[in-house]
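Here's a solo chain for you in structure tokens, the form predicted alone.
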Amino acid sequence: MDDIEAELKIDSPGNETTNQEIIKNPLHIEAPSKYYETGFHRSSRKCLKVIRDAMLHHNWQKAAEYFTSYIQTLEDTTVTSAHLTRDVIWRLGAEILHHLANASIDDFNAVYEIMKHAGVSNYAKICLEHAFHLLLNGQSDEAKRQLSSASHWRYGKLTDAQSLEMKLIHAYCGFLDYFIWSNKISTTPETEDVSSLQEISMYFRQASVTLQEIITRPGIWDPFVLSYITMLEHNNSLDEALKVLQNYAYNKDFPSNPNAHVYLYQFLKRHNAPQSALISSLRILHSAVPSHKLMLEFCSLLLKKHQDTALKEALCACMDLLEFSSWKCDRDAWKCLLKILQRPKNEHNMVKEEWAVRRSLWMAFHFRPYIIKTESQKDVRLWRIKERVLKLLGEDLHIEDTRKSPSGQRDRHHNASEDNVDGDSRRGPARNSNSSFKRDESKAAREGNAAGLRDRLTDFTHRKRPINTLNSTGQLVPVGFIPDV
């Protein structure tokens, strides 16, 4: 709507005007001052204002009724900005019909045909949009007919001005030939008559020639490249398909496109290419998109090489992946990192060097106390993997984080060596006595039995257990012993 207001010279309100005020008080559409405004022009301005207000209130039925009257402005030859009016009518009509509940395909076709012949400056764009709408409604044959007709359209210099759109029309003609060929291949039995086979061969030839011509031009041609590769694979032209994908991925004249390396890797993987070729294609993809989902396969391929350089590259790739928020809680990515860290000890220095560079980021991004608490409650299995990763990296969490499971109870999976706390002041008899004392203490306190609580406290003091407290950082520190009574 902002573009319509600017192109038709609609005054914009001040910055302090709210949206509600704009809707309640529609903007005044002023007529250009260079010519005399006739009654027809005045009626057209008022009609456009009603259409705009109806669209703002999502009253599409009312907007459609007034649009049928406003479309008469195409016959006006006195307006100096007639081409802008045609653009506005085109966009208004498409938007209204898109939201109108009872709009039919015939209504769309009628509007598009009117706009094609009224605004030849946008003929190619309107033809493309019309074809897309027909494809969305399953009318591929009609879309092919529309594009074939548009591809032969000529209108002097206006044709040259729309050269890019004409290239797209030519490309989608080939794409629709492929689409029709693919449907006939899947539905036609092998014992079909000769005429049907000739028709399939004709569509194959038309599509292959058009697509081959299009994808040699620099640009982003993903759907056309995939279609052409499918046709070459069907024809067992694997070498030609590989050359096309390599040119699409590595040609410097083409814009950077990570999808090209994905298509090349998927083709190599389908046809059992060697690991070196797979790793090379994924290495370039990693430099362009380190958060791509294929990076897990990249790490797995590197681990199969059993080389120090490959292991370091896998470690960097996996840690790069986990530094993206979308992979932060992915269990497969953490399993991959754990598998890398569990390699023999001769790569320990390499891991230490990489961890020294990333430690500050990772401790804040993955292992803050709040993150530990929330993640451990959501996914216990993920937290177990992260805890093992942290220990292999030579780090340890605070005692209150590592000693407790998400439910608040002690973790059963800790072994006996982890249960011992460093420092002579923390060592003592079995911890079950301490746990039993705490349960008895809580029970006695709830019952209000002060005498029972005092008796149990007296029994506990004979065990000579250390007294612990929390310091400013939240760690348990010993402050002394309860003396014997």
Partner chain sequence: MDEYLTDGYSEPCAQCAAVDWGVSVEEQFFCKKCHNVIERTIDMVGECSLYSNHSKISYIARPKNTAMEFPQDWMVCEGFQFVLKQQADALVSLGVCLQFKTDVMWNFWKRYLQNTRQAFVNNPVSAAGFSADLNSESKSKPESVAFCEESFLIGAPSEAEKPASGCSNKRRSGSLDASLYVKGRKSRNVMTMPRTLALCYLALLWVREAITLADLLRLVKERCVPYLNIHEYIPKDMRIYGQDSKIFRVDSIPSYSTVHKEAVELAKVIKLPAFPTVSQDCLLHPIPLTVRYLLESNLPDGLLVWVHKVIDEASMGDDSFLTFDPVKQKPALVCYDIQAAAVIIVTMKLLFKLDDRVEWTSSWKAASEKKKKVFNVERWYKVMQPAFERARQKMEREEARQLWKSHEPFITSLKDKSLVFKKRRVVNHLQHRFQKLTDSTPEQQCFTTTAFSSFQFHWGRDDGSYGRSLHQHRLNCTFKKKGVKRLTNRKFWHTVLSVCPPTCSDHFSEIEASLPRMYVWLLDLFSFLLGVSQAQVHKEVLNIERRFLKRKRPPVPKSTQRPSVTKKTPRPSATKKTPRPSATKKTPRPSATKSTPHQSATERTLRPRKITKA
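Numbering follows the first chain given and starts at 1. Only a predicted model underlies this, so the values are computations on that prediction, with no experimental measurement involved.
There is another form of the same protein, the form predicted in complex with its partner chain; it is not shown, and what comes next is about it.
Trainee: Heavy atoms within 4.5 Å of its partner chain in the predicted bound form: which stretch among 258 to 266, 332 to 340, 109 to 117, 164 to 172?
Mentor: Going through the listed ranges, the match is 109 to 117.
Trainee: Using a 4.5 Å cut on heavy atoms, which of 97, 231, 296, 311 is close to its partner chain in the predicted bound form?
Mentor: By the 4.5 Å heavy-atom cutoff, the listed residue in contact is 97.
Trainee: At 4.5 Å by heavy atoms, is each residue in 38, 65 and 103 next to its partner chain in the predicted bound form?
Mentor: Answer is yes for this spot.
Trainee: Is residue 59 near its partner chain? Define near as a heavy atom within 4.5 Å, in the predicted bound form.
Mentor: Looking in the predicted bound form, residue contacts with its partner chain do not include residue 59, since no heavy atom lies within 4.5 Å.
Trainee: Does the 4.5 Å heavy atom contact test between residue 307 and its partner chain in the predicted bound form come out positive?
Mentor: So residue 307 does not count as contacting its partner chain.
Trainee: Even though the partner isn't displayed, in the predicted bound form is residue 219 close enough to its partner chain, meaning a heavy atom within 4.5 Å?
Mentor: Judged by the heavy-atom cut-off of 4.5 Å, residue 219 is well away from its partner chain in the predicted bound form.
Trainee: State yes or no: in the predicted bound form, is some non-hydrogen atom of residue 75 no more than 4.5 angstroms from a non-hydrogen atom of its partner chain?
Mentor: Contact with its partner chain, yes.
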